[in-house]
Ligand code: GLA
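One chain follows as C-alpha cells, the form predicted alone.
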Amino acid sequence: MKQMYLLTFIFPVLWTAFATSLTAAERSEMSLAQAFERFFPIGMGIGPQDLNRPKVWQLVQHHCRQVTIENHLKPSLVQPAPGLWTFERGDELVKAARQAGLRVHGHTLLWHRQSPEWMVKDSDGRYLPAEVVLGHIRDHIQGVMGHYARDIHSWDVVNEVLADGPSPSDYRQSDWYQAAGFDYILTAFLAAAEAQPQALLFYNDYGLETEPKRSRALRLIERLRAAGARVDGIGIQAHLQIGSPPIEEIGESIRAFAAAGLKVHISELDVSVHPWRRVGSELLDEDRRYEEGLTHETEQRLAQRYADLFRLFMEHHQHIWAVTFWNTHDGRSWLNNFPVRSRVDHPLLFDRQLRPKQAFSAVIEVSAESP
C-alpha cells in the first residue's frame, strides 16, 4: 500500500500540472473512465445546470462512462398530477447523455420524497385505499419505463425505504408504507420487471455501509425475492465522511451483498470534510472553517480517504457494477446545503473551478495498482 508521503510530495505536483493544463477547448488530465475501464464504469449524478455549462458537460464526458439523472426522473417531476407527464427536462438530459455515448441509470421510480401527494392521499389528506395506491404505482412505473425503454436499461426502482437507527420495524414509516405496507415495495419491483423485462433493477439507500441497514437491506431483498420479485442489484449510496465509517465496514457490506447475488453500485459517492450534524442544524463558526478552501492537512486526509476507498473498490471490482459520484464538482454538491444549510463542503474530486484536486491524483494513482 502506498504511504502517506506520496500524497505529500507527488500529488501536489500532479495536481499543479493538471490544473494548469486545462483549456476551454479540452481537458487533458487522465480520464477516470479510462483509468478504471478494466475494473468498473465511472459515473456522475447530473442535472440541467451541468448540461447548461459547457465546461462542466465536457468534464462529465471526459471522465464518465455513465450518468445518473439526479432529480428529473423522480415522481413529482415526471407526473405531478394524474396523467400529466412532464418528461421534458428528463428527455433533455437523457438525450444529451446518449448522444455523448454515455449509459444512463434511471433514478428513481419511487421515493418517499419528491413524490406527489395525489398518489397516496385524497383531496382531504386521507390515505387512499391500498389497491388504489398500488394501481398508481403500477401506472406510474409503466409510464416512465415505457417512455425511456430505448434509452435507460437500469433503474433504482425504490429509494430509501429502510428505517434508520434502532427501529422496531425494518421499514421507514412513510406515507407509502402507511397506505400500502410492504406491498408498495413489492408492487414497484413487480411492475418494473413487467414494464421492462431486460432492465437491471436496483434497490438504493444510504447507510448500507454499516449496521443496522446492511442486515435490513438483506432481509428486504430476501423477502422481495421470496414473493416473486426480481432484484438484480443494490445501490450503496456511500455518502461518507472523511473519517468514517471504517473502510473495513464498507468492505463487509460489499461482500455481504455480493454473496446475496447482487450487483453492487456505489451509487452516490462523496466524502464530506465536515463531521455529520443533525439535519437542519444552525450554521456555526466551526462550519465556516473551509469557506476559503481546504487546509493542507485536510486536503491530504481527503486524498488518503479516496485512495483507500478506491483500493477497496478495486479489490472487489468483480462485484462492483459501477462507481458513481454524486454531482460533478464541489460547487454542485448537495452537501453545501445538507445537513447544514450554506455550509461550504469540498467532497468531490474536482474543485469549484473544475480543477482536479489532490484526491483526484490519489485515485488515479490507485488505478495503476494491481487489485
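One-based numbering along the sequence shown. As the structure is a prediction and not an experimental result, all values here were calculated from the model.
Heads up, the form predicted in complex with ligand GLA isn't pictured, but that's what we're talking about next.
Shown here without its partner, the chain carries His107, His239 and Trp326, all of which come within 4.5 Å of ligand GLA in the model of the complex through at least one heavy atom. A heavy atom within 4.5 Å of ligand GLA in the model of the complex is found for exactly one of Asp345, Asp50, Glu29, Glu70: Glu70.
Site annotation in the model of the complex: the residue of Glu209, Asp183, Glu160, Glu299 reaching within 4.5 Å of ligand GLA with a heavy atom is Glu160.
Of the candidate stretches 222 to 230, 108 to 116, 126 to 134, 244 to 252, only 108 to 116 has residues whose heavy atoms lie within 4.5 Å of ligand GLA in the model of the complex. In the model of the complex, His140 stays away from ligand GLA, with no heavy atom inside 4.5 Å.
For the chain shown alone, Trp334 is a contact residue for ligand GLA in the model of the complex, at least one non-hydrogen atom being within 4.5 angstroms. Ligand GLA is not shown here, but in the model of the complex it comes within 4.5 Å of a heavy atom of Lys74.
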